[in-house]
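Next up: just one chain, as structure tokens, the form predicted alone.
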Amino acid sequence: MAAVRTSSEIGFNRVAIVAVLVVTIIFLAPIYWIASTAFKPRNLATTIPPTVVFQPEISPFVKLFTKRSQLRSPPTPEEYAAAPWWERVVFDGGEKIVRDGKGQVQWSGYPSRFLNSLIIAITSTVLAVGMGTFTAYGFSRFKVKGEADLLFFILSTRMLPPVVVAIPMFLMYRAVGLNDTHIGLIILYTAFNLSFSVWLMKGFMDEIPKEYEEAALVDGYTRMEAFFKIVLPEAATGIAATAVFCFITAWNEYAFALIMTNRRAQTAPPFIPSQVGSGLPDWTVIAAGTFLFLLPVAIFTFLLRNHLLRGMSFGAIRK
């Protein structure tokens, strides 16, 4: 029989729904603003009052991926007609795409920076989560001398703002030749994420009943086989949740990427603000770079959303 709700309960539910909608709109407003600015013409990006209805265009993305300069004189009709459609949209904005002596288009540094972000964030996440899972399993299943002190030491590495050690790290990296290298940033991000990974994974490991492994050991499994065939599948939710948080941290990191890299291993965050264009800042290009930069994290989080929901409520498993 359906439960009968009182008028006060119905009113409370409606107020709660309205509150959730308001909070959702507040959180989504910046994302909408970035996405809409990425498709706006440059002259509508900073209008007051803001322009909400406009004809979307992709010229900011063309500018983002190419080098360009200010037009000193309008292109001739022959040049305009011979140009591909994506170059005409740049002409229409008063700029031109830079070409080399052979007439080849000069691409901007954004694609390589975006690729650097992917390589560094994915590799450091895999390493941090992998090492964190093994470490957490050890602390959870075995008696470790000085366990509490060791766990506190691991946790203490998160108490210091990372940027505080930026200068010493820069000097150390320069001495050993790790400045502006992929491996340098991977080591750095892995080290910063490892403590978080250990502590989060230990909570998940503690939840997995030891009886599962003991039964596997009785059946003839080795400790390693029991870990890979019994523990890891049970810890998949925790691994996915930890991976999302580690990936977001490495993906968004700005300070070390700005200080430790210059060109070869530079990631997208310090590069995007440099795309201010010629003359006045071209906010549409910056918004286009930011919009594309948001997509991998959004896709990764969406794919693991079911694990994330479970990860947020860990502690509910009963032995």
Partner chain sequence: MATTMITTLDRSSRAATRGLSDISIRNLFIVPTVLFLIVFNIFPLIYSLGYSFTDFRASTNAPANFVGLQNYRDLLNDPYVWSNFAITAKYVIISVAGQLLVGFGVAMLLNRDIPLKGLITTLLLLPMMLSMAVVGLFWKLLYDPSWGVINYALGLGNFEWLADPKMALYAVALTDIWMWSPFVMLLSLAGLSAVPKHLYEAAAIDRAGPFYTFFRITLPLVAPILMIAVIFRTMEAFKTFDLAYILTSQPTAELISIRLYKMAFQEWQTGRSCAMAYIVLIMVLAITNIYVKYLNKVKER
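Think of the rigid core as the biggest set of C-alphas that the two forms share within 1.5 Å after superposition. Residue numbers count along the first chain shown, from 1. If you're wondering where the values come from, they're calculated on a predicted model, not measured in any experiment.
The discussion below concerns the form predicted together with its partner chain, not included here.
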Quiz prompt | Candidate stretches 88 to 96, 115 to 123, 152 to 160, 73 to 81, one within 4.5 Å of its partner chain in the predicted bound form by heavy atom | solution = 152 to 160
Practice problem: Indicate whether its partner chain has at least one heavy atom within 4.5 Å of a heavy atom of Thr290 in the predicted bound form. | Solution: yes
Practice problem: Give a yes/no on whether Tyr212 approaches its partner chain to within 4.5 Å in the predicted bound form, heavy atoms considered. | Solution: no
Self-check item: Contact of Leu194 with its partner chain in the predicted bound form (heavy atom, 4.5 Å)
Solution: yes
Quiz item: Hey, in the predicted bound form, does Pro56 get a heavy atom within 4.5 angstroms of its partner chain?
Solution: no
Quiz item: Going through 136 to 155 from first to last, which residues have a non-hydrogen atom within 4.5 Å of its partner chain in the predicted bound form?
Solution: Tyr137, Gly138, Phe139, Phe142, Lys143, Val144, Leu150, Phe152, Phe153, Ile154, Leu155
Quiz item: Fitting the rigid core first, would the Cα of Phe27 be found 2 Å or more away between this form and the one not shown?
Solution: yes
